[in-house]
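Here's a solo chain for you in C-alpha cells, the form predicted alone.
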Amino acid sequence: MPKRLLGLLLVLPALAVIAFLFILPLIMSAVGAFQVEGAFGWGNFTKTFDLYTKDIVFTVVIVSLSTVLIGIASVAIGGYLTLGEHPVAVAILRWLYRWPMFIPFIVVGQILRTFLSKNGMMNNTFINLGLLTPLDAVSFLDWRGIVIAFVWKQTPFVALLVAGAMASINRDTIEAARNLGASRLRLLLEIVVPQVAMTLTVGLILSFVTMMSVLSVPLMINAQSPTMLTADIAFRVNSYGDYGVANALGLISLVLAASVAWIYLRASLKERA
C-alpha cells in the first residue's frame, strides 16, 4: 500500500470525528439561525436583539474585564517567578498558582457560591474579625462573582504560558538593565513583557474564547438578568424549545470569539512580515 494512502487512512477517523461532531453541527446551527417557520430570514436575529441586547453587552463587558485582569495577574505572577529574589516565596508561588487550573468550572461555581454569598465564608470571616457587621454584609453573587470565578480559574493557564516564555528570555538584557539601575517594575514592563507579548496575547485569546463558552458559572452565580449568552442559549432550548433564537445567540457568540481570533491573526501576520 502506498505510504500516502496509508497516512490518509490513519488520519481519516480523526477527520470524520471533526467533520461529523464539530463542522456539520456548526453548519446546521448557522443555517438554523436564519430559518423562521420553514423560510429563510432575519426574524431570529431581530428577536434576539430585542430580547438579549443587554445580555450581549453584559457578556462582552464581563469577558473583556476578566481578560484584562487575567493579563495583569499573569504578568505579575510570571514577573515575580522570573525576577523574584526570595527563593522561598518564588517556590511557594510556583507551587500554588497552578492549582485552580485543575478544578472544573462547575466546581469553581459551587466553591464561589459558598464563599461569596451573603452568609458565605468571606462575610462570616469579616464579621468574626469585627471588620463587618451582619447588616452590612452583601452578596457577591452577581457580575462580580462571575469575574472573580473567571480570573481565578483562567489566570494559572495564562501565567503558565507567560512564565515559561519569560524563563526562556536571554538574561543578559535583564542583568544589563539591572546594572544600569532599573527597578524590578521597570524591568518587567519595559524589558520582559515586550519580549513575551505574543505568548501573552495567545493565552488571553484562548482564555477569552474559553470564557465565552462557559455555562456553569453564570448559571450558578448570576442567573438573573442581565446574564451571559450561554445561560440564554440554555434557557431558550430548555424552556421554550426555541432552537432558532438559540442558534442566533450561538452565532453571535461565534462572531465575538472570531473577532478576537482575527485580531490575533493580524498581529501575528504583521509580526512575521
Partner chain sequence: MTAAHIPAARNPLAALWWVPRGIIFGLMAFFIFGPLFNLLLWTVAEKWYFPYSLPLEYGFSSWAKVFAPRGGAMESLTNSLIVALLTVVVSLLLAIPAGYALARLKLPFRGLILLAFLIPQAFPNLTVYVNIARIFYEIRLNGTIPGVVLVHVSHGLVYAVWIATAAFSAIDAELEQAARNIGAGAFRAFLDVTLPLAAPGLMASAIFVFLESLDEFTGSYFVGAPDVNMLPLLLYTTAAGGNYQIASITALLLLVPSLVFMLIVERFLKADVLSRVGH
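Keep in mind the model is a prediction, meaning the values are calculated, not measured. Residue numbers count along the first chain shown, from 1.
One more form of this protein should be noted, the form predicted in complex with its partner chain, which is absent from this view; the next part is about it.
Its partner chain is not shown here, but in the predicted bound form it comes within 4.5 Å of a heavy atom of Arg113. Under a 4.5 angstroms non-hydrogen atom cutoff, its partner chain in the predicted bound form lacks Val151 among its neighbouring residues.
Contact check for Leu269: every heavy atom lies farther than 4.5 Å from its partner chain in the predicted bound form. In the predicted bound form, its partner chain stays beyond 4.5 Å of every heavy atom belonging to Phe34. Distance criterion of 4.5 Å from any heavy atom to its partner chain in the predicted bound form singles out Leu219 from the list Leu69, Leu51, Leu219, Ile56. The partner is absent here; in the predicted bound form, the one residue of Ala176, Met121, Leu185, Val138 having a heavy atom within 4.5 Å of its partner chain is Met121. Residues from 95 to 126 that approach its partner chain in the predicted bound form with a non-hydrogen atom closer than or equal to 4.5 Å are Trp95, Leu96, Tyr97, Arg98, Trp99, Pro100, Phe102, Ile103, Pro104, Ile106, Val107, Gln110, Ile111, Leu112, Arg113, Thr114, Phe115, Asn119, Met121, Met122, Asn124, Thr125, Phe126, in the order they occur in the chain.
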